[in-house]
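Before any questions on binding or motion, here is one chain by itself as structure tokens, the form predicted on its own.
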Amino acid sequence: MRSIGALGKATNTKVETIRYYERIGLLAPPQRTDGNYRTYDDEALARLSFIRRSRDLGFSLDQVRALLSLTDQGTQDCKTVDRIARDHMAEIERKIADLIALRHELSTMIESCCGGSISDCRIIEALSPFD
């Protein structure tokens, strides 16, 4: 058994985040000591590690909740997990495409700058609202 601080340290998770995950149901309510301190077992450590890894990979809380639910069931095939992962990958690909377009637009603005005064700056002009 470990304290909330030890659990946080073991998973690199802030104590407030652990409490939040408990409030929203991603982590089960922990056992309590006689002094009413939270205590966590190895199962809680494994579950929080799963949550952290999923969040590090960019899965939303709803996606993490779905993945945990499927993990808890354990008997289904992994088609649903595959679909969640593929949907997430598609979202990442959309974000990458947006970032590439943003980089191109910003590069174009930077290249158009002649290094004159602010009143003639093409970057400021491009960022200003149109009349």
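So that there is no doubt, residue numbering starts at 1 and follows the sequence shown. Between two forms, the rigid core is the largest collection of C-alphas that superpose within 1.5 Å. Quantities reported herein were computed from a predicted structural model and do not represent experimental measurements.
This protein has a second form, the form predicted in complex with another copy of the chain, left out of what is shown; the following refers to that one.
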- Message: Within 4.5 Å, heavy atoms only: does residue 15 come near another copy of the chain in the predicted complex?
- Response: no
- Message: So in the predicted complex, is another copy of the chain close enough to residue 50 to count as touching (4.5 Å, heavy atoms)?
- Response: yes
- Item | 4.5 Å heavy atom contact, residue 61 and another copy of the chain in the predicted complex | no
- Item | Partner contact for residue 24 in the predicted complex: another copy of the chain, 4.5 angstroms, heavy atom | no
- Go through 94-110 residue by residue and record those having a heavy atom within 4.5 Å of another copy of the chain in the predicted complex; state none if no residue qualifies. 95, 96, 99, 100, 102, 103, 105, 106, 107, 109, 110
- Task: With both forms fitted on the core, give yes or no for whether the Cα of residue 115 moves by 2 angstroms or more between this form and the one not shown.
- Result: yes
